[in-house]
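Next up: just one chain, as structure tokens, the form predicted alone.
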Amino acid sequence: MQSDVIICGGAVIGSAIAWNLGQIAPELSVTIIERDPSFQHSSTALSASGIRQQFSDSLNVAISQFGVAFIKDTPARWGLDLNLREQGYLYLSDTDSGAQVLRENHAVQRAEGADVDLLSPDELKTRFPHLNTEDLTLASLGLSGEGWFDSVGLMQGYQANSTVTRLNDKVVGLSVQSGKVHAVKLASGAEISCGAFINAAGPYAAEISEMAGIMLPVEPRKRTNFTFDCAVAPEAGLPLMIDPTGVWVRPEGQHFLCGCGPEDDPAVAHDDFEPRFQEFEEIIWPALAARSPAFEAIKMQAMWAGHYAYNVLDQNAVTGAHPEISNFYFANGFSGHGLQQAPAIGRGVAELVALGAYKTLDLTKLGYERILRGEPLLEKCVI
């Protein structure tokens, strides 16, 4: 069996690349290898489904702007409404140094055309009267182009509008000779020769890279999401709010969705999806209750855990071709941002494979070369 392009991983990143390849170079044969076609444990399906422009790096801002435009255009493109709730992200700071970071980030965001405003504690209190603002020094609020949407809908939109071969199988080996991947070996015993190989394996990315002798500092990190009900919901509503404690919360229909960065954040086994209930009781609820009286009387409804494909070096994506294995392409290490970055990354990687260069957005600084140099591309706005 032979395929011009093989993509390892068929969730939103792999599907976005496949769809874009079909748009740019429909003559190419594309095969997606996916170990779990139900996607029940995929980072896409278990995501909190947010998209924001409040990053500290200008490229990340531009990537999200591309994503928002793509999501808004899905009704015209695919006849699909992804139910974008453009209610913004709200970052809170309770220190002078934190306020300075928000100001520096704001300058980067505004330079890229992001619709973001800085609010003093008094201005924040006026907009959201239920919030306790006495300890705060500054807030940053996205006024448009930020919010949350249907994550599985985006993935399924890519899948339904792509003409590719999909195999329910597992990559177990790569045949690399003379600086190229020549064939992909599958658990079923099949072997497929290829012209290009794309690693879009999410939390499994490091294992796939290792098959080609490539070190990739990406590992699965567990994140638990909780939904809860309020005895009395905040009258002024709320965007997706990130408290200085690291706790985040947003509306989810008539309820709320929340989570936090765990204090202890080790790599976990690929099959470890056991929620960390104690995070709600010990971290999230106390922080929310301190921030708003509306969150003093709440009742948890549900919880689930998903995995970040966590880039240990700098929590930023790794994209592009390997400098020595020229037809091995990365689309990895999104560290919780993969869903919102899928439209732009899908376009960019497809351009690189089919056209030999980035055309829409220059993603060069996300390349693997920084991994080799050990030079992180630091992002200050990590949730």
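In this text, all values refer to a predicted model and were calculated from it rather than measured experimentally. Residues carry their position along the shown sequence, with the first being 1.
Not pictured, yet referred to below: the form predicted in complex with a small molecule.
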Picking from 136 to 144, 218 to 226, 102 to 110, 174 to 182, which part of the chain touches the small molecule in the predicted complex when contact means heavy atoms within 4.5 Å?
-> 218 to 226
Listed residue that, although the small molecule is not shown, lies within 4.5 Å of it in the predicted complex (heavy atoms), from K170, K72, H130, R85 | K170
Exactly one of A48, L28, L59, I325 comes within 4.5 Å of the small molecule in the predicted complex through a heavy atom, and that residue is A48
Is every one of S42, I208 and G306 within 4.5 Å of the small molecule in the predicted complex, counting heavy atoms?
-> yes
Can any non-hydrogen atom of G336 be found within 4.5 angstroms of the small molecule in the predicted complex?
-> yes
P239 near the small molecule in the predicted complex, any heavy atom under 4.5 Å?
-> no
May I ask you to check whether I33 falls inside a 4.5 Å heavy atom distance of the small molecule in the predicted complex?
-> yes
Is there a heavy atom of C8 lying 4.5 Å or less from a heavy atom of the small molecule in the predicted complex?
-> yes
